[in-house]
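Here you get one chain, nothing else, as structure tokens; it is the form predicted on its own.
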Amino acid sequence: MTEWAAALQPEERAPLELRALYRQYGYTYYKMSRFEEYDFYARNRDFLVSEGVIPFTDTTGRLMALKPDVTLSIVKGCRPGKGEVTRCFYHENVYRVSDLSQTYREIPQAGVEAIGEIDRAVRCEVALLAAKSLRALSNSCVLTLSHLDVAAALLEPLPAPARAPALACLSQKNAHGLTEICKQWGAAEVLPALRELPCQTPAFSLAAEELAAAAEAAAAGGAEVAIDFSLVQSGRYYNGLVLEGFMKGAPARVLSGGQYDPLLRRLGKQAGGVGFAVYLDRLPVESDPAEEDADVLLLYPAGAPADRVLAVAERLRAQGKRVAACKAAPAGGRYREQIILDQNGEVTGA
């Protein structure tokens, strides 16, 4: 790692590393405005990760909003031709209610979107990129995969009114609640019967094949891969493959995505879409308790010639040292050495 790269925090370094990765796979950079007409988000509120949209009125009187979502804006402006797939990556800030603090936050994200004629190869490529993205940022990371059609097939034996609450229990990993729902609808034997379902349901078999292919592709990306059928809470947004990524030291998931064909249909586009976002604000902050604030603390008195102070500091920096020039030593500061200048800017002590 170069010296300048080592000086960056993960949130600063990650976009550069991810940009290089995505360009290797033929994804092009997509730049967008921070603002969008509020009505656009109001019409598509069902597809927003957060219900909170921050509106404002611009100088022309239009009601605008700070961008709460990247994918919506990309899909709106994307028009792939028949048989084509538009591949793009981004590094943007979104403005929404944080699911960690429940307050409005400016959230930096990086990610990829593939929009157009999405087939199994494209889905596998996105799963691979998700795993590689995690691995580029951490040596200890897990990519979890699911497929919403698998969950739907698992709950098929239940009566239609029971499927929504059962799906909620599944997303919460609430085995007791799921069992109670089965009992309530006179289906106490449903859970054991589910073990026989895969070989009986074509929809399940197809979804299982899709999931297996994505998992195999992701495994080649270097991250640990896990299957978790409880990833169904985003069913209003996704319709097939679902991805979530975690890394050691992060407070919550750092990657989220999947296939979002319903969004394209809502916007009147005859195409599919698949992608993911990396939440850069959740990356663990690196700190070295042994690292000094600077190599040299250069102390100078009030009235010392500014040009002399700067000249001494620059001479030290030319030797490769990090120099902090101060009139008084900062409380708690850590330095390898201390140099003192007199009233004339001459070195008097070290």
Partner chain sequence: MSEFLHIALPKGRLGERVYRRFAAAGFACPGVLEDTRRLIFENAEQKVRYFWVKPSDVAIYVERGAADLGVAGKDILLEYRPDVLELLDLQTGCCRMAVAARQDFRDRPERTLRVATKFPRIAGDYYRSLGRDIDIIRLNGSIELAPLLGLSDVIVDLVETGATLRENHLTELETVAPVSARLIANRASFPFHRAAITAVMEGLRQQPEEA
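This one's a predicted model, so the numbers in the text were calculated from it and none came from an experiment. Positions refer to the first chain, counted from 1.
Keep in mind that the form predicted in complex with the partner chain is missing from the display, and what follows is about it.
Candidate site M32, K76 and K82: all three near the partner chain in the predicted complex by heavy atom within 4.5 Å: No, none of M32, K76 and K82 comes within 4.5 Å of the partner chain in the predicted complex.
Touches the partner chain in the predicted complex: R266 (any heavy atom, 4.5 Å): Output for R266 is no: heavy atoms all beyond 4.5 Å of the partner chain.
S171 within 4.5 Å of the partner chain in the predicted complex, heavy atoms: S171: yes, in contact with the partner chain in the predicted complex.
The partner chain contact in the predicted complex: M247, any heavy atom under 4.5 Å: Because a heavy atom of M247 falls inside 4.5 Å of the partner chain in the predicted complex, the answer is yes.
4.5 Å heavy atom contact, A212 to the partner chain in the predicted complex: Contact check for A212: no, nothing within 4.5 Å of the partner chain in the predicted complex.
Contacting member of V142, L128, L158, V97, with respect to the partner chain in the predicted complex [4.5 Å, heavy atom]: Answer to the contact question: V142.
Residue among A208, A252, A220, A164 with a heavy atom within 4.5 Å of the partner chain in the predicted complex: Of the candidates A208, A252, A220, A164, A252 is the one lying within 4.5 Å of the partner chain in the predicted complex.
Proximity to the partner chain in the predicted complex (heavy atom, within 4.5 Å), stretch among 84-92, 212-220, 133-141, 111-119: In the other structure, the partner sits against 133-141.
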